[in-house]
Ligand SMILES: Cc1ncc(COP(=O)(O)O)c(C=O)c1O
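Shown next as structure tokens: one chain only, the form predicted on its own.
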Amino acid sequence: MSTIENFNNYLQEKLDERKSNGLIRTLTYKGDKIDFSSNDYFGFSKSVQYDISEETSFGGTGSRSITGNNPEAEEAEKTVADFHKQEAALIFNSGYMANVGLFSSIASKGDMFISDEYIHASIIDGMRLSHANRIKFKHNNLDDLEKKLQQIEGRKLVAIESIYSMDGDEAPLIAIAALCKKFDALLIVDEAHATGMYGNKGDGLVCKYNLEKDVFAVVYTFGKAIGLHGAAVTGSRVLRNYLINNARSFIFTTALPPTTYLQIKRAYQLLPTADRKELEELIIYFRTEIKKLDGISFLESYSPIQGIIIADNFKAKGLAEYLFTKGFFIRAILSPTVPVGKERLRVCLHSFNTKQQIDMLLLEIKTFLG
């Protein structure tokens, strides 16, 4: 047997181990199923139109620092910065690349990252690639965060999400910002799931609470409510210039095509008109109706992200597969992505869903769970 065959057998054993633990991942697509899974909260992925000229390129052609920069990119960045009341913005190709680029480059040896224990994997990977140390504080626990801040000397950088992607709960943002100010820590906020949903025009929770001057950097992801691709890091002009020179996930990748920057600019023009009230009403309706079902445990979330706790990998996957056969597209979230015993069905609500669809969904969940 060749070396390649031996190694493929080794990889297959690893896959078999995942499968035996109910952790195997497979790719699928929504097709004509009712969407209760995507992050496209307002359906922008199907509705954002933009004008292009015959001269507009459909390719990035190179990195931004070589040939990939263009007026469309810089105009989109100005739009994003102005919308979120920041000095400057720098667009990355995805939220993952934005977080990896930001967190891997801004901290040095002797610095300390303090992150919420439920922080997104992209931020964890970025911190791992830096030369800084890192510790966690208990999820949304202000006392634990303060204790950690008291114990640390040197530069401190606190990393949180404003709305958490798995539980859908909100960070105590005002109180965390106050603690960071008290202990001279830099606050970094990932607004991926708050963008579009919160604030007077969908500008997020940092803007809603007027914390723009209290936050060092904010990451706004375009793959959720904005329905597109890419993400922006906002902050000072100094931060933007620093990332252009030091963020490897920005420097060493082909730029987005000009057409994507045009879409981003157009989506930001439409964001204030998104059906936030309609979605808020559906969230209330979902929570009201699920409380009527006996024996079903669910998360306390008032965001579009709703979690139904199943507490078993195989059962959670089985429920998702059953719902697929009934016309619903929903994915199971398994441990270790979430803690053991917190395996769940992650339901994402959208302004284009209906109360009737929610009724049908909850009926099928009740039928499956008995």
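Here the structure is a predicted model, which means the values were calculated and not measured. From 1 onward, residues are counted along the sequence shown.
There is another form of the same protein, the form predicted together with the named molecule; it is not shown, and what comes next is about it.
- Although the partner is absent from the chain shown here, none of 105, 130 and 242 has a heavy atom within 4.5 Å of the named molecule in the model of the complex.
- The named molecule is not drawn, but in the model of the complex it has a heavy atom within 4.5 Å of residue 122.
- Although the partner is absent from this view, residue 192 contacts the named molecule in the model of the complex, with a non-hydrogen atom inside 4.5 angstroms.
- The shortest heavy atom separation between residue 94 and the named molecule in the model of the complex is within 4.5 Å.
- Taking the partner from elsewhere, residue 86 is found to have every heavy atom lying beyond 4.5 Å of the named molecule in the model of the complex.
- The single contact residue among 115, 140, 79, 165, judged by any heavy atom lying within 4.5 Å of the named molecule in the model of the complex, is 165.
- Comparing 270-278, 246-254, 95-103, 68-76 against the named molecule in the model of the complex, the single stretch with non-hydrogen atoms within 4.5 angstroms of it is 95-103.
- Residues of 221-256 that come within 4.5 Å of the named molecule in the model of the complex, judged by any heavy atom, are 221, 224, 230 in sequence order.
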